[in-house]
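For reference, the chain that follows is the form predicted on its own, supplied as structure tokens.
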Amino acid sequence: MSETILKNEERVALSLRALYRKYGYLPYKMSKFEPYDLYSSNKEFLVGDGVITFNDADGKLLALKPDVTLSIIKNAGEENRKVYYHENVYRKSGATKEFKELMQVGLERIGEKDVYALYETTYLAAASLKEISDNFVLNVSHLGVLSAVLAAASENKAFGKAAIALLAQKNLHEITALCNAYGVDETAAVHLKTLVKTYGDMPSTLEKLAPLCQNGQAKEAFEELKAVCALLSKSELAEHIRLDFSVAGNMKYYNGLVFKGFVGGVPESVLSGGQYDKLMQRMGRKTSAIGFAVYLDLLEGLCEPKRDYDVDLLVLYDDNTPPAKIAAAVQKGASEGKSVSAQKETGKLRFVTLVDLTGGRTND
């Protein structure tokens, strides 16, 4: 099939699967239905709210899959695994609140954590965006640094929740007001406000972060982030990778590196992921895990070439045309990589080339 015939999201799905196989990830296929308990106990991890449920013949409550990661964790056991998936999930649309079937491609790396594993997953997230568009950016954060700065400012849970929401908005004014309201000391407040303003290329941003991460958890997290960035900085995708601490994710589930990916022409992130050791622990697993998903439904219509025709070739025939002659004309066009439609009337179909088998002539 000619690549120009593929929808943009279909083309991306094929290229992403090839990319992940190249790095040793194996395909994972999940069941369309899972026990509802798997999702009800981890509702906050799900991207959208609402799960389609029904009772099977034995009366057991099942759910139509709203997520893939939870299924992979459930079936992974304690062994190391590198898997990728191409699945449809069923979630409520943020705009209409109606359930929609959404296509995702993603990968999960489950096993011992080391700098290379963190680097490879983050690199593949950036490489995935590159497969979609040359105009992309991957924003990377580290929750170890963020949680340490928040803890130094205040142990109050309400403060932390409000601060994370304001960080996501990059709202420096309200962060200042929040620190004043909770009596945060000046040094801790300055550090938190530095995170609000922290965004940019890896070398210069790490330099700004260093004074905030001199000891304890903050230093450990900073050194890990620095080591991963050192590898990313040597890659061909380095100029598209930014450090951005407005990327936080759900800190009940995520820890360590987290990231979001954006491409030109789409107003929201098309890729999201990170390290989710806390979710693994919550589900009774002792291993580390990191992964991401690409939301292909957001790519519909993105950068697809606008054409003023429907097919490359129209084969026009009538009741007197031998079927074998029609088949030969269609096969010839298809073998040349063209899109072909054989029909008795042109109707409203727009075409480039006409092959008239009714006794007329071939026209361009």
Partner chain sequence: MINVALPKGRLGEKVYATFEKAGFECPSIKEVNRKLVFENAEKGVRYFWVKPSDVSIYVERGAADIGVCGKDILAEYEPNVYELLDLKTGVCRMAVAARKEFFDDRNSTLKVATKFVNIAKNYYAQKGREIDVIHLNGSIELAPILGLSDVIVDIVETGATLKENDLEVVETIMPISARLIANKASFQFKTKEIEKLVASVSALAEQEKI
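Positions refer to the first chain, counted from 1. Predicted model only: the values in this text are computed from it and were never measured.
Beyond the structure shown, there is the form predicted together with the partner chain, which is absent from this document and is the topic of what follows.
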Inset, instruction - Go through 137, 230, 188, 238 and name the one with a heavy atom inside 4.5 Å of the partner chain in the predicted complex. - result: 137
Legend entry - Contact residue in the predicted complex, chosen from 262, 222, 254, 85 - any heavy atom within 4.5 Å of the partner chain: 262
Inset, instruction - Tell me, please, which stretch of 267-275, 222-230, 117-125, 283-291 lies within 4.5 angstroms of the partner chain in the predicted complex when heavy atoms are compared? - result: 267-275
Legend entry - 4.5 Å heavy atom contact, residue 205 to the partner chain in the predicted complex: no
Inset, instruction - May I ask you to check whether residue 173 falls inside a 4.5 Å heavy atom distance of the partner chain in the predicted complex? - result: yes
Legend entry - Close approach of residue 108 to the partner chain in the predicted complex, 4.5 Å, heavy atom: no
Legend entry - Contact of residue 71 with the partner chain in the predicted complex (heavy atom, 4.5 Å): no
Inset, instruction - Counting only non-hydrogen atoms and a 4.5 Å cut-off, give the residues of 223-248 close to the partner chain in the predicted complex. - result: 242, 244, 246
